[in-house]
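First, one chain by itself in structure tokens, the form predicted alone.
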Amino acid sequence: MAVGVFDSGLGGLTVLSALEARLPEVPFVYFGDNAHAPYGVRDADDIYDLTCAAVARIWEEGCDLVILACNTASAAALRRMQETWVPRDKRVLGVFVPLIEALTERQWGDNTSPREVAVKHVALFATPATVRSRAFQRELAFRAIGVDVEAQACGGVVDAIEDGDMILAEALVRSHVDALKRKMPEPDAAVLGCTHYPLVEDVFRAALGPQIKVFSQPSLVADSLADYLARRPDMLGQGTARKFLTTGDPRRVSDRATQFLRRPIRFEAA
């Protein structure tokens, strides 16, 4: 009954923690493609190829359902994967839709026509590849009209977090928020469009100010998956073991993950 969770690096651990808290009975297999991180500076074809390879490896662990806990992969590769590559008996889901459904106050799976919503001005913080893809704007247009999105490509933040340089990461966040505010001085809401960003969410919130509602993904994705599995329990795979897999150095990745989650994590070579 295992479910896979994929990220280009360690940011997806923020989603994994929320998933484990929400669904403690489900064994999760986490795959971090640390050898090729960050994805945010890669082109769409490269991201697609790397994501397909990782998902195929997760399927080998008995996971019929994989969550792309990586906004860059969700933005640049997911639709192409679903349309041309994923077999009928498998599912690959992204992390954008639960976020947008919360932003637009729609129920999970609400596929009615787009309508006006309370939020009119949205600040999106994401990796350069996610910003280039315009996937957030595309998914938002399916559900809402009249929403202005200003996107800020947050170069360097993921690299700093992966390297454990939180001082640099925090400085970069403040710089990117300042740049966004020069383009959109008074957003109604801010979206943290990368699963690494919850690790510096308090810095985003402080820089944005208390008047701006901040949407972060982990709990939203966990609620969405719980709802999905309640409707589709057949998508629970045959795997039974919890695992952490990486394409990087297992010892180094384990040490960094243990720091992030503040509990012992042991990665294996993928």
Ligand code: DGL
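In case it trips you up, residue 1 is the first one in the sequence shown, and so on. Owing to the predicted nature of the structure, the values given are computational and were not obtained by experimental measurement.
Although not depicted, the form predicted together with the named molecule is the subject of the following passage.
Contact residue in the predicted bound form, from 77, 158, 140, 124 (heavy atom within 4.5 Å of the named molecule):
Filtering the options by heavy-atom distance leaves 158.
Going by a heavy atom distance of 4.5 Å, is residue 194 a contact of the named molecule in the predicted bound form?
Residue-level check for residue 194: yes, a contact with the named molecule.
Would residue 39 sit within 4.5 Å of the named molecule in the predicted bound form, counting heavy atoms only?
Close contact exists here: in the predicted bound form, residue 39 approaches the named molecule to within 4.5 Å, heavy atoms only.
Determine which one of 164-172, 115-123, 69-77, 178-186 lies within 4.5 Å of the named molecule in the predicted bound form, judging by heavy atom distances; exactly one does.
Single hit among the candidates: 69-77.
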